[in-house]
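Presented below, as structure tokens, is a lone chain in the form predicted on its own.
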Amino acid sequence: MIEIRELSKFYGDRQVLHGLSFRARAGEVTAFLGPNGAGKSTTLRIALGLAAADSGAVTFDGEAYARLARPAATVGSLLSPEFLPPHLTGRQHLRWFAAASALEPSRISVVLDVVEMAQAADRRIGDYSLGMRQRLGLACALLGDPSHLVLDEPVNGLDPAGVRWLRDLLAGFAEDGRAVLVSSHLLSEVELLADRVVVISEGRLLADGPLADVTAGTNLEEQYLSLTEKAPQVEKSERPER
């Protein structure tokens, strides 16, 4: 289980997360939704130890990411495929990632098959399309056979067949009893993918529950727009005294 607990974050005197709490449970795909600037990426970066919270915590089965003995074997993540090294081939990058993360290189061929990139593995990443870079990023996320996945907009750049492939991949991952936390702006796809939905705006929780409960007899797009359009605008907050 991924637990976000009372998470608060300031950038200067601007508060971007306001005591945010929710859980992404094992055996479920949890969709993490909100407008641009809602605090989704900040939350995911804090979860993965790339940013520090001012208060609160994110844990994976009770442990913070920084305290995990082998992080990549517990949490697979994809935040942005834009930072993949263009001069390396896909296979070279996976070898580097395996060595850096103390993972078994024998799984490289396995994950390349899973993400359907075996034939392109020896091409330079700089020659990949965005969709191919997304698949390579997912290969890195899966390399440690983790029990949790944290993915930020993984559908970007995928064609319709790729979107369906990703949907099936994440559903299978959850069916194995693992936890998936995925952010996306493609609400029609989320409605096909998610077991649970979390909606935030201005760093505050607006909804958290099973998809059927959140949609409440309507569709996800209508409910999402209703929630976010009614959300109060947060005024500039002063940073608390230390």
Partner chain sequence: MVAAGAAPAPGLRHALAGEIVKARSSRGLRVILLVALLISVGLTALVVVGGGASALHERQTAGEAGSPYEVLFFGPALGVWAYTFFAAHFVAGEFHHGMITYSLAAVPVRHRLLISKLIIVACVGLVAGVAISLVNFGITQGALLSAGYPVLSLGDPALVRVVLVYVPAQMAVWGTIVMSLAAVLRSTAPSVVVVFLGSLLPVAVAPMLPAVWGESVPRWMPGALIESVAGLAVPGSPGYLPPAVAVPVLLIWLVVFLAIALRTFTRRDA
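Residue numbers count along the first chain shown, from 1. Remember, it's a predicted structure, so these values are computed and weren't measured experimentally.
The form predicted together with its partner chain exists for this protein as well; it is not shown, and the discussion that follows is about that form.
J.: Where, among 44-52, 22-30, 203-211, 187-195, do residues come within 4.5 Å of its partner chain in the model of the complex by heavy atom distance?
T.: Residues of 44-52 come within 4.5 Å of the partner.
J.: Scan Glu82, Asp159, Asp113, Asp168 and let me know which has any heavy atom within 4.5 Å of its partner chain in the model of the complex.
T.: Comparing distances to its partner chain in the model of the complex, the residue within 4.5 Å is Glu82.
J.: Check Asp145 for me: does it contact its partner chain in the model of the complex (non-hydrogen atoms, 4.5 angstroms)?
T.: Asp145: yes, in contact with its partner chain in the model of the complex.
J.: Contact with its partner chain in the model of the complex for Ala66, defined as at least one heavy atom pair within 4.5 Å: yes or no?
T.: Ala66 belongs to the contact set for its partner chain.
J.: I'd like to check something about Leu88: if you look in the model of the complex, is any of its heavy atoms closer than or equal to 4.5 Å to a heavy atom of its partner chain?
T.: Answer yes; at least one heavy atom of Leu88 falls within 4.5 Å of its partner chain in the model of the complex.
J.: So in the model of the complex, is its partner chain close enough to Pro154 to count as touching (4.5 Å, heavy atoms)?
T.: Contact with its partner chain, no.
J.: Taking its partner chain in the model of the complex, which residues along 76-104 bring a heavy atom to within 4.5 Å of it?
T.: In sequence order, Ser77, Leu78, Ser80, Glu82, Phe83, Leu84, Pro85, Pro86, His87, Leu88, Gln92, His93, Arg95, Trp96, Phe97, Ala99, Ala100, Ser101, Ala102, Glu104 come within 4.5 Å of the partner.
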